[in-house]
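For reference, the chain that follows is the form predicted alone, supplied as structure tokens.
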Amino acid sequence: MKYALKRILMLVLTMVIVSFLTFLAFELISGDPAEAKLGTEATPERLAALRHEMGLDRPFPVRYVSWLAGFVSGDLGTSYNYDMPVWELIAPKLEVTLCLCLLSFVLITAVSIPLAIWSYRWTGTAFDAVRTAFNQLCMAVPPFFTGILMSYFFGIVMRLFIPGDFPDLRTDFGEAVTHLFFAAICLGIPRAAMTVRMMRSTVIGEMQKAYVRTAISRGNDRRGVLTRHVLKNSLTSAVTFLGQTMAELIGGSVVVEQVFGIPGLGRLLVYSISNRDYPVVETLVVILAFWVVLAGTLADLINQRIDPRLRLGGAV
């Protein structure tokens, strides 16, 4: 319990630091959001009035504390470009991105762990060389290139979905998931390949340890030792790596969303940065950072429950 509480407090502290650094970064970046919004219609009087309306004429500490208090209470401010509450703008796009990332994570987990165990049994054979080469290829090919190929073949040729025409997730859930499925595959291929390599190396390392040799010398079946002992001892490494994978998916989704025309956080983030829509960008950066920190925290908490040694260390 102490360990979990400590991890949660660290998460909160990390998010406060991230929010402050994000707010500070946009304070130091050159450019005036009021001027960018007015464009050619900017005059000194109109700029001064708009800056006052946006709250940009207040001191930095006051603006940060006000923004942080609003963030905690659920008031994320108003978008400079869309003139609507930031949360109303972000919420539907957040749903799409989370569905994409979670679907990709499920595919990675369901495919990579069984494949890693199966490929271990072929270690040292000719098939293993083919598997290694294919695994390296999957890690090397960027998701945007795979996305272009999938959009053309499954979208244009086979017409399983319409590239660039993403259906509403709430009203047409089935079509939306079909669209997201192919994007999730592109997002997950390189990470699944890395998971297979990591899990296979971990299993090989565990199989070479003394307790495995002792168990086999006592007449235990090799497959039984692998299933009952080796996989359990490899589970903490797998959880940690999958936690890192979950954290990376939110960043990788930005590129994939652009390729498939998915209206997620990635497209909104790129547009908001280019138009200096700071309330939107600041909120998105904090959300993305929270996803990354949360993934690592959940992995640590799960490992702490799995491994008694970690549980003992967390209690100290």
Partner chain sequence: MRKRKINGYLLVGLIITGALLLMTLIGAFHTPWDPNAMSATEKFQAPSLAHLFGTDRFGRDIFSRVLKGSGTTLAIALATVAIGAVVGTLVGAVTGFFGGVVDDALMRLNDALTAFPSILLALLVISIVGPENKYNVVLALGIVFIPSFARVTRTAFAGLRDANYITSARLMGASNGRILLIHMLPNTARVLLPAVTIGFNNAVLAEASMSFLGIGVTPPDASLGYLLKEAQSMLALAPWYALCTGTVIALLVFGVGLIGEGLQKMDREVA
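Residue numbers count along the first chain shown, from 1. This is a predicted model, so every value here is computed, not measured. Definition used throughout: the rigid core is the maximal C-alpha set that superposes within 1.5 Å between two forms.
Same protein, other form: the form predicted in complex with its partner chain, not shown, and the subject of what follows.
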**Message:** Since the partner isn't included here, can you check whether its partner chain sits close to all of 113, 118 and 123 in the predicted bound form (heavy atom within 4.5 Å for each)?
**Reply:** no
**Prompt:** Just one of 148, 106, 216, 160 has a heavy atom within 4.5 angstroms of its partner chain in the predicted bound form, so which one?
**Reply:** 148
**Asked** If contact means any heavy atom within 4.5 Å, which of 88-96, 221-229, 172-180, 149-157 contacts its partner chain in the predicted bound form?
**Response** 149-157
**Prompt:** Contact between residue 274 and its partner chain in the predicted bound form at 4.5 Å, heavy atoms?
**Reply:** yes
**Asked** Is residue 128 one of the residues lying within 4.5 Å of its partner chain in the predicted bound form, judged by heavy atom distances?
**Response** yes
**Asked** Do residue 66 and its partner chain come within 4.5 Å of each other in the predicted bound form, heavy atoms counted?
**Response** no
**Asked** Is the gap between residue 299 and its partner chain in the predicted bound form 4.5 Å or less for some heavy atom pair?
**Response** no
**Prompt:** For 135-153: residues with a non-hydrogen atom within 4.5 angstroms of its partner chain in the predicted bound form?
**Reply:** 136, 137, 139, 140, 141, 142, 144, 145, 148, 149, 151, 152
**Asked** Core-aligned, does residue 277 move its Cα 2 Å or more between the shown form and the other one?
**Response** yes
